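Quick heads-up: it's one chain on its own, the form predicted alone, in structure tokens.
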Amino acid sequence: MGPLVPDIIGNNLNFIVALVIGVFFGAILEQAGFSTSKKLVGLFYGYDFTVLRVFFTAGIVAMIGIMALAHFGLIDMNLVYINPLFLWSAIIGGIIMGLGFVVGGFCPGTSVCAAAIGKIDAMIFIVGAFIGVIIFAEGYPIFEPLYKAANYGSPQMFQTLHISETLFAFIVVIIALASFWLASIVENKVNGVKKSPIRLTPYYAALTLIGIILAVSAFAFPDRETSMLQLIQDKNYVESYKLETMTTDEFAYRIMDEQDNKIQIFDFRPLKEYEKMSIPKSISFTFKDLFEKEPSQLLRLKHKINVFIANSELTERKMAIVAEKLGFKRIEILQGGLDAFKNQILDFKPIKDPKTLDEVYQNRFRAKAQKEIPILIENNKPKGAVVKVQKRVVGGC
């Protein structure tokens, strides 16, 4: 199951939902004819491309679906495990898998589906698969150097090709549609069918329309980080956006008040600057943390005022706008940023000959803050960046 955000499906319910999905997945495979080896090997002999159509369709629907869930903040892609690429083991494993598929007539998933309805050849295939697993496990010390050779990490194709995620999705859908058309031509030729592979009928018109909608919809779900970055590039928009602010005096008072546990401070400066001077009650935060499940949980704590600080107020405004657009509440920024805080509090110069009572009180408070806050900063141990739990190491077929 995917790491839905917020936790729409809890860990305990996850197993039940996975079981239900598994049952439906098996039923669909059986109804699609994947429990019959003749249907499966038809892909290799050219007389039946159902396998290509089903799995290609499943792939592009899942791709667009994940993009949509990520766009609306319903899934955290940082928690989705991506299998690492070990190039040579992938190539050799693919050759073994392909040969096993064409000789045995099944893949691991379809063999279980066929065995469930009593297919003896599928049961034999599963036994052979277990024998292969045992051979690999027992011989792993011998296979390990080849298995781990050419480790390319966990690349994503759109990043490798240096194109946007939406453009890559669009290209994949177009390739899928072209593949379906070519597969129909090959099928007709092998099976001796004289009809055109694509005919102007309501059925083919509907399939073409669905394909076009899927292709175009890729551009409707841009990556949230990219879209937010584009949004805050407009300086006029950022400066005119209405945000709650906190004065430097109130900020200083809340720092000095040890009993004030309603405020939590998110410092968007570079980590080195944060470690050099960390404000009490603050934690180092980044733009990416706003989009990740675990760090952003801090912003969801009830009865907390989330104060965003950075060197400049403009940076604070950008981060606060993104946070509010993502649905976080009770966001405030420090007026003038830390530059103003340093100037007005840490490097305070008293008003000479104060003329009003406010100026007298301001002199008195800031003089006290100027003495106490540097001591608090000196004694404050930086909390560093948000600690993130390792990505989920779970996967599927």
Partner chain sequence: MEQTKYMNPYLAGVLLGLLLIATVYITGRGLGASGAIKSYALTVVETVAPSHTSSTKFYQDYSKEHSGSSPMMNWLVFEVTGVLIGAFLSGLISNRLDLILEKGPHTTNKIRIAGALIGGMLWGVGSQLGRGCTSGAALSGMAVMSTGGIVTMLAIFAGAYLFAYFFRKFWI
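We call the rigid core the largest set of C-alpha positions that still match within 1.5 Å between the two forms. Positions refer to the first chain, counted from 1. This structure is a prediction, so every number in the text was calculated from the model and none was measured.
There is another form of the same protein, the form predicted in complex with its partner chain; it is not shown, and what comes next is about it.
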In the predicted complex, the residue from Y241, F136, Y253, F287 that sits within 4.5 Å of its partner chain by heavy atoms: F136
Candidate from G327, G132, P202, G192 lying within 4.5 Å of its partner chain in the predicted complex - any heavy atom: G132
Partner proximity in the predicted complex: C107 to its partner chain, non-hydrogen atom cutoff 4.5 Å: yes
Its partner chain contact at I9 in the predicted complex, heavy atom, 4.5 Å: yes
Contact flag, R269 vs its partner chain in the predicted complex, heavy atom cut 4.5 Å: no
Partner contact for K39 in the predicted complex: its partner chain, 4.5 angstroms, heavy atom: yes
Residue stretch of 242 to 250, 158 to 166, 274 to 282, 309 to 317 approaching its partner chain in the predicted complex, non-hydrogen atom distance within 4.5 Å: 158 to 166
A32, S89 and I120 each touching its partner chain in the predicted complex (heavy atom, 4.5 Å): yes
Its partner chain in the predicted complex - contacting residues of 73 to 112, heavy atom within 4.5 Å: L74, I75, M77, L79, V80, Y81, I82, N83, P84, L85, F86, L87, S89, A90, I91, I92, G93, G94, I95, I96, M97, G98, L99, G100, F101, V102, V103, G104, G105, F106, C107, P108, G109, V112
Core superposition between this form and the one not shown, C-alpha change of I375 at least 2 Å: no
